[in-house]
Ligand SMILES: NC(=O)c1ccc[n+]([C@@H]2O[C@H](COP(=O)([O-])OP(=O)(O)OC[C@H]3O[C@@H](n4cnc5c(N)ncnc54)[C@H](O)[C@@H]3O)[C@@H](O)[C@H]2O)c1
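Next up is one chain by itself, shown in C-alpha cells, the form predicted on its own.
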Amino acid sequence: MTQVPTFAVISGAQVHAAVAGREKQVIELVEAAYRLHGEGRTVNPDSYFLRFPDRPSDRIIALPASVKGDAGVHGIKWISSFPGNVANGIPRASAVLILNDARTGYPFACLESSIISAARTAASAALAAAVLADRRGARPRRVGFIGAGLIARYIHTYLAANGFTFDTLGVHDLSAAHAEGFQGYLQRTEKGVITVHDTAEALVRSSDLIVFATVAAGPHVTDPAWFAHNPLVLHISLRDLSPEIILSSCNIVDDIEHCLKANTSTHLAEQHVGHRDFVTTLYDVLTGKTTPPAGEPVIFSPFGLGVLDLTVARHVYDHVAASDGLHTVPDFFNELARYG
C-alpha cells in the first residue's frame, strides 16, 4: 500500500551545514543536472514573475521543475528579490523550496532556499569557468568582480574550490562600503593583490575572468573595446552588457529558450539581429559539440534553471535525513480517508 510521506522542514542552518565544504560535490551535482537537462530528462517550464506596479525593483519568482536521474524529484522554488532590503541590513533575496515525491506528487519537504540558490548559482558559474577556460587552453589568473554581494562571495568560494588560483583580484561596486566589505573578505581568503577599482572599465580591462553579479535592470557596460583582450565573462546577472558586446563575443547559455527572454542582454541582442545564431549551450561545450575560441571574448549567461535547485535541494534533504536531522510536522496531511 502506498504511504503518504512525512513532511519535513529544513532550516537554513541545516542547508548550510549540508553544502559548506562540499563545493566540489555541489559542482558535480550541477554538472549532472545540466547533462540530464541536455538529454531531455528534465522538465523546466518558464519561471513566473510576480511584480508590483508601485515597487518596480521588487519581484518574487516561482521556478517549477522536475528532474530524473539520481534526484528523481519534482518541486518549486519561490524566491524574492527586494534590493531595498540591503540598505535596511538584511539580505536582498529570501527563498523557500518545496520538494514533491515523484511517485505520489505529495510535497515531503520545505527547505530554506536562499543558500541553495546561491550555491547552485555559484556552482554553475564555477563549472562553466573551468570547462570554458580549460577548453580555451588556460585558466585565468586575474579575476574581477562587478557587484560585491553574497552571490559574488559564493562564486569566489566555488571558483577556489574548483581549482582556480589568482595573482590579482579586482572589485568594483556602486557602493564603496560594499566594495570595501568584499575586499575585506578577499583579504581573509586570498594571497593575491586585491584592488578596488573606481570604474567598471578599469576592472574589465585588467581582468581575464570577469564576474558580473549585480542587480542591474539594463545594460550599463556598452563598449566592446573594453573586452579586446578576450576575457572569459561570467554574466550571472544577465542584463549588464549591451547587445554590441554580446554580438562581438562567443556566447554560452544554460538554456536558449529561458535565457533569450525578459530583456536579458542576449534577448536584446536577438531583438537587434532577429536570430539566435550567436548563442550555444553549456551542454554543447560539455559534450564537445562546441569549442569556445581563444581569440574572442567568451560570455557565459546562465538564466538559472529550477532543475539545479531541485538537484541541490534533494542532496540537502538526503544529507539531513541520513544524519537523523529531519524536523517533521506531525499530522501535516490530515484528511486521508476518502469518505471520512
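Start at 1 and count along the sequence shown; that's the residue number. Predicted model only: the values in this text are computed from it and were never measured.
Unshown form predicted together with the ligand; subsequent notes refer to it.
J.: Exactly one of 173, 208, 255, 112 has a non-hydrogen atom within 4.5 Å of the ligand in the model of the complex; which residue is it?
T.: Here the answer is residue option 173.
J.: Note which of 178, 261, 74, 135 lies within 4.5 Å of the ligand in the model of the complex, where distance is taken over heavy atoms; exactly one does.
T.: It is 178.
J.: Three residues, 144, 246 and 297; all within 4.5 Å of the ligand in the model of the complex via heavy atoms?
T.: No, the whole trio is out of contact, none within 4.5 Å by any heavy atom.
J.: Whether residue 216 contacts the ligand in the model of the complex should be assessed with a 4.5 Å heavy atom distance threshold; does it?
T.: Although the ligand is absent here, residue 216 would touch it in the model of the complex, with heavy atoms inside 4.5 Å.
J.: Would you classify residue 302 as touching the ligand in the model of the complex, given a 4.5 Å non-hydrogen atom cut-off?
T.: Result yes; residue 302 sits at the interface with the ligand in the model of the complex.
J.: Is residue 241 a contact residue for the ligand in the model of the complex, using a 4.5 Å heavy atom cut-off?
T.: Heavy-atom contact with the ligand at 4.5 Å: absent for residue 241.
J.: Does the ligand come within 4.5 Å of any heavy atom of residue 236 in the model of the complex?
T.: Contact check for residue 236: yes, within 4.5 Å of the ligand in the model of the complex.
J.: Choose from 222-230, 149-157, 186-194, 101-109 the stretch whose residues reach within 4.5 Å of the ligand in the model of the complex, heavy atoms counted.
T.: Of the options, only 149-157 has residues within 4.5 Å of the partner.
J.: Can you tell me which residues in 54-77 come within 4.5 angstroms of the ligand in the model of the complex, by heavy atoms?
T.: Stretch hits: a single one, 59.
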